[in-house]
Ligand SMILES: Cc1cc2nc3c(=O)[nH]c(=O)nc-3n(C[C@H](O)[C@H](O)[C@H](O)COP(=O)(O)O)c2cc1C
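In the form predicted on its own, a lone chain appears below as structure tokens.
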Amino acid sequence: MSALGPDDREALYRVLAARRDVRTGFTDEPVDDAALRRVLAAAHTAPSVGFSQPWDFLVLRDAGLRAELADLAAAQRTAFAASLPAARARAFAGLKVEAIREAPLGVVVTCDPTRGGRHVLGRATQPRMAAHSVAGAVQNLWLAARAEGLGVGWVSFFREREMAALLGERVGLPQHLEIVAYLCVGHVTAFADAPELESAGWARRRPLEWAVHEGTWGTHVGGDALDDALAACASLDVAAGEAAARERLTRMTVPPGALGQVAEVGVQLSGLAGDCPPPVPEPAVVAVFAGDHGVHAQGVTPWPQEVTHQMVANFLAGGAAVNAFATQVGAEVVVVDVGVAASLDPAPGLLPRKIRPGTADMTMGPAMTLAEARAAVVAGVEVARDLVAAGNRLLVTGDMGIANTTASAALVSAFTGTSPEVVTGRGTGIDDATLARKAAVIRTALSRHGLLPSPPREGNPDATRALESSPHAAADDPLGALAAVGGLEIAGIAGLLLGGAALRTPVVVDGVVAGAAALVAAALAPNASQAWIAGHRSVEPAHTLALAHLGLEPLLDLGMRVGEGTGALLAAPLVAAAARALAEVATFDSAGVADKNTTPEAGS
């Protein structure tokens, strides 16, 4: 074969960039048989495990059969829609997911796992390589079709065995074959400039830099995900969007200042968006970071440590308060295992990101190593990236970890300079004796790690506060403080806060655990707080102190201390309403309403 030239290379890259998964715009123009054969020949040149070529292509033209297959897809579409949170369901309702009836051709691409016999090179150790090989053939077909000016849409809304059975009855499809793809093929009115799901806002393309790891996992060009997030936060500029929102507020048909804090949230959202009105922050997702704490051994709570993984199971089963509130506000719930002591089985909605099985006892030594603390923060940044790339426009913090209010109070004490006795709260409802023990444990841990606030100057009227001139070890070394007395889920939440801010995506901050995480994140990147919205005020005293230190005003104050993300979820509709008000409340000019500065016309 002759060498490929520069023109060939450029043509290939153009085809790769122009390939689209087509769901709309198919015409009834027949597909030329010669063109179809060229496309299938290209698919047939794909690489395969052990050169087994496990694919076959069933070309379907019969409209009646295609209608039956479309009915199977429609049933699965309905089932999928019913499983979605409300905001996602509304977005999904406007999407077209298949064109089985409209496209003049259907190509069923199958995998024969028996082809090549028992001794196919590479398949004995990697049985899935047969189906992976077929996926390569599908990609070849797709690219060749695009070069021929044909649209292709890959339909996955069907149960594989159900479609196989129907095709077995109708056209004799052997039942040992696996259906890898149903492809809608035909001429189209036009090819979209961008993927349809991206244009619809369903999901975003991940930058290449996120996907390329150099030498070790998590190492990207320029550093890890935390390095990238900190750099993005440092350059976060919200001035233009905020100014546009404040100007629009002066023209809206509400009295000046009447929207109160809701208006300020709208200004904040506009700043992140860089424009006004900002997009409504939907869909929302609450990320519940879970981890266990070695300080549990000091008797700071009567609840057994096993409750952490039991509650994780409850979250995944949909039976917790966070699930009920998420359903009410139309949000998704994901659980991130960054440090649960128990091993967790894979489950829908569980993101396995375990750094270690729980922290060590912070009264005996550091809760975790500095490397582990950083790794947990990086995990949180990467979770934020994945959730935003999946199309979420509002992130909500959640937490689960027995004894995590002890670690949170320790961090709040260290970062705000407040005495352990003042920051310590009752957490899950502990009695007076346990409360005193908890405060003493926090004092011991902070003292051990050089993080205990200095005593107040004699005569200081605020005896709970440290001296202004006291060393701020926590602020100077936030990751060190986190490693010393923090928690893995706290670190993960700190990463989520930084990752959201780096992507200019608002994050609703929940209770005391999220407040402690925010103190760490703000010490790492002060600008990042421009993306954070305090959802509510917990009854935990450390939470009020953290919010004051951060300069965040909570939207709600309901006397809650559930955690899990519950208070922040209840605030999510208020955040969405702030954006909608800027978009939908008329201005005086557009509504024909006179404002207080209007000069009446003569004779009026």
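Each residue number is its position in the shown sequence, starting from 1. Quick caveat: nothing in here was measured; it's all calculated off a predicted structure.
There is also a form predicted together with the named molecule; it is not shown, and the following applies to it.
Between 90-98, 207-215, 274-282, 525-533, the stretch whose residues reach within 4.5 angstroms of the named molecule in the model of the complex through a non-hydrogen atom is 90-98. Using a 4.5 Å cutoff between non-hydrogen atoms, residue 195 counts as a contact of the named molecule in the model of the complex. A residue is said to contact a partner when one of its heavy atoms sits within 4.5 Å of a partner heavy atom; residue 580 fails this definition for the named molecule in the model of the complex, lying far away. Taking the partner from elsewhere, residue 388 is found to have every heavy atom lying beyond 4.5 Å of the named molecule in the model of the complex. Shown alone here, residue 303 lies farther than 4.5 Å from the named molecule in the model of the complex, counting heavy atoms only.
Checking 155, 312, 150, 520 against the named molecule in the model of the complex, a heavy atom within 4.5 Å turns up for just one residue: 155.
Applying a 4.5 Å heavy atom cutoff to the named molecule in the model of the complex picks out 19, 20, 21, 23 from 11-48, in order along the sequence.
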